[in-house]
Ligand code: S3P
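Okay, here we've got a single chain as structure tokens, the form predicted on its own, with questions on binding and movement later.
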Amino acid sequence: MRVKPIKQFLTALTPPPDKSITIRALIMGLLASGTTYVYNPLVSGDTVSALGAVSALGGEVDFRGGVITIKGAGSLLDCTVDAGNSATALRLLMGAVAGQNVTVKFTGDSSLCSRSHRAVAEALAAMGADISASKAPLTVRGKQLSGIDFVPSSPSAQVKSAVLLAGLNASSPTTVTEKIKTRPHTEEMLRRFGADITVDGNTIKLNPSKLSGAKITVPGDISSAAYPMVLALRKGYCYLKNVGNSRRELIDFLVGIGGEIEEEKGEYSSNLTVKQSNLRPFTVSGALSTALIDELPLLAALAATIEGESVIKDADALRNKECDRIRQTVTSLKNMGVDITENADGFTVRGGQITGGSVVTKGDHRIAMSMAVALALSAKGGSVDDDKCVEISYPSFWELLQ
């Protein structure tokens, strides 16, 4: 895919529905009694994989008119689940089935099978789960679980979510106390499905619960909205409708470094107006790195356009994504003439201008989109080796750059 430099970026759009929320709604619909309606779901590679998993496990699925209808399985089925490229689907479903009377083999594509799921497997094992391996293919044999008081050793919304889903069928309450808070989609949605769950600061307490069908409307994905936001901050203007606002950190961060962003805030989503702005170099660390983990390669590209030194650290979780995103971000931006240094837990960017060049994505959708934005903001443009991998989360992404 050839990406040309853009002189001006002017657009109004609704970003794709949130992938994480869509997948969670599908899984909880499987576990719930009655019928669940998922309005405005994302249709992408990862969500199709999750939908296939729900069907394989016994959920009755119908998709028409932009609405997914799921009749809960009641008793789950022994089966093989192919999670494709979706670590979210695989890890959350490991938790969902661990306390059920079922045996499920999990597999996925070559990228997913190369990734470690040890943190999830160890957390579930502490509850009594029987899990055969820390990499897929792996098998979960359902057992009676006990609730635990779980303190994650490193921040992970997926590990937290797997423990909470397993806790639904445990014999005693489960608590999760996070040192650094991660995205709250799971605990918020469990409440909407009727779980007996409370949140007090960084501690979530879940009593064993039965879920009931719910109506879920999926807002636009802030992670997908990030790409046009960055293009607008550098090259013009965009108006974004229906952007999920439960994860506010990106909006607040961009405003904090000088971004001109106006927000019309609703209960679950906001409309955003983003204008070209004079931005300051920045540091992202600690809890903010956790909150913005998916956006960090894009923020490295943004830093390359800002005079001065920017630092992104405490982001070692990037090394266990679809690829080593620290290494691939550094390699890609260096190929574009950017002065960037790889660190153990992130990168240091000395910004000013992006010349342009070629990008090897390693099949990673976040690298492809983040580096395509960098090329669009460069002097000469360049090429991205894999334009198909964006279908995992943002199938219409390339339309932004046309």
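These numbers come from a predicted model, not from an experiment. Note that residue numbering follows the sequence shown and begins at 1.
Unshown form predicted in complex with this ligand; subsequent notes refer to it.
Using a 4.5 angstroms limit between non-hydrogen atoms, Lys321 touches this ligand in the predicted complex. Though the partner is left out of this view, His117 does not reach within 4.5 Å of this ligand in the predicted complex, counting heavy atoms only. Although the partner is absent from this view, Ile293 contacts this ligand in the predicted complex, with a non-hydrogen atom inside 4.5 angstroms. In the predicted complex, this ligand sits within 4.5 Å of a heavy atom of Ala157. Think of it this way: in the predicted complex, this ligand has a heavy atom of just one of Asn169, Thr88, Thr174, Ser310 within 4.5 Å, and the residue is Thr88. For this ligand in the predicted complex, the listed stretch (69 to 77, 193 to 201, 88 to 96, 297 to 305) containing residues with heavy atoms inside 4.5 Å is 88 to 96.
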